[in-house]
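Take a look at this single chain in structure tokens; it is the form predicted on its own.
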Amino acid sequence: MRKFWVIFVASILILLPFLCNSFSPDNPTDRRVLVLLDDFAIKSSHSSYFNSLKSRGFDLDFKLADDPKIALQRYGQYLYDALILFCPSIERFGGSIDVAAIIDFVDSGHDLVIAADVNASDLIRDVATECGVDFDEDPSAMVIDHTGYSVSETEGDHTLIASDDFIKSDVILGSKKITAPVLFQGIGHSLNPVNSLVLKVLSASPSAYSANPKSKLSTPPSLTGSAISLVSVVQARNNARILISGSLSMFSNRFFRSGVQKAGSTTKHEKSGNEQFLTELSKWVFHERGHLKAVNVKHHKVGETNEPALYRINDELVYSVEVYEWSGSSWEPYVADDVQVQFYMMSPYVLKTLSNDKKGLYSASFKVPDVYGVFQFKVEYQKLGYTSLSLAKQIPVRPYRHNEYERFIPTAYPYYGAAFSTMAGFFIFSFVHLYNK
């Protein structure tokens, strides 16, 4: 028994550094990343992408996807903050990892990067389907574009695509414009219309289609035009982020360093936009950008500082909250003009846009409605590329006490007049009736 406790304590001490570096509200950037590979050769052929992550402080743990010892968690604690799947041909994961384990990993708030390819296995396709995208069912299909391909010395089959149809979001792709097209060679996918959380980051051109490049078309392709997504992202409701690409080659050193000239364009770029595109996208996926937190939620009556246990109808109150954005190394004030607060009971009785002081503090003042009950201060903030904020604080609202009403209510003056005039009339009638002969 004593030996067992020694082993247990030793295991905890070994895991403690990993657990301390895991995702936390104070430091939301993923730090420990598990990279599953088909072959260790990918580690060198895609080293530029991996070195970019390492230079930003990420700890990459490379494993073969079929390694029988791999695991995402131990003793109920996750060992990694993010998972990269660069193993498109894997038929079965090793260890305790399967599709359900990966989905549970995401459901626990961790991030995922999936890179498929022409030889994508059913396993990788199933993981992608669970995340809200569907790869072309034809296992031999590739994205072909006869007008948006990359010009090369050999004519080829136009499967090497130069795409510049990016999502318009500085949060996801950074504020610096990507001027060079991105090289893509692989399979396309469509977004599940039921899943509203999936976004196309890199789309195919209207002339693209998905088919087998080595055979003639006998039936119309199932995926055509801008409906084909080359790279997509998902931000789950728990703020976990997923990147799905139909090309493993686009992460490679060769594509990073290749020059590119899009068909029909006279501009030739010495370097493709792959490195900038994937580097900026990885910053978003791993929460180096677009991650918000709200702190110091307060409310009080105007002219006071202490938070009351309840409010009275028609009280004037002030609501405030501080919102910050993670910059990759520190929390910076988040500045926006579309953060709103609701004073809510079954439905919003008050909806106010919060003003900010450019230093992260948002506030608004308003009058409590003339309705008593149990209300909530609610902030539901959802904006493209940013993690969502959901704040709720319950507070009861009471009516006036019997001794808190005004002594004479102005709206009751007609009734006061009617009562006194009736008394005066009765007195006059009685006087006349008694003393009239």
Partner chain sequence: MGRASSKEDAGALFHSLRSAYAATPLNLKIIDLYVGFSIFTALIQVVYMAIVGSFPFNSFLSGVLSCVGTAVLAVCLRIQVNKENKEFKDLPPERAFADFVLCNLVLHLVIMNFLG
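Superpose the two forms; the largest set of C-alphas matching within 1.5 Å is the rigid core. Just so it is clear, the structure is predicted and the values come from calculations on it, not from any experiment. Numbering follows the first chain given and starts at 1.
Just so you know, the form predicted in complex with its partner chain exists too; it's not on screen, but the next bit is about it.
Although the partner is absent here, Asn403 lies well away from its partner chain in the predicted complex, with no heavy atom inside 4.5 Å. Remark: Ile409 counts among the residues lining its partner chain in the predicted complex, judged by a heavy atom distance of 4.5 Å or less. Each of Ala418, Met423 and Asn436 is positioned with at least one heavy atom within 4.5 Å of its partner chain in the predicted complex. In a rigid-core overlay of the protein, Leu60 has its C-alpha displaced by under 2 Å between this form and the one not shown.
Core-superposed comparison between this form and the one not shown: the Cα of Leu391 travels less than 2 Å.
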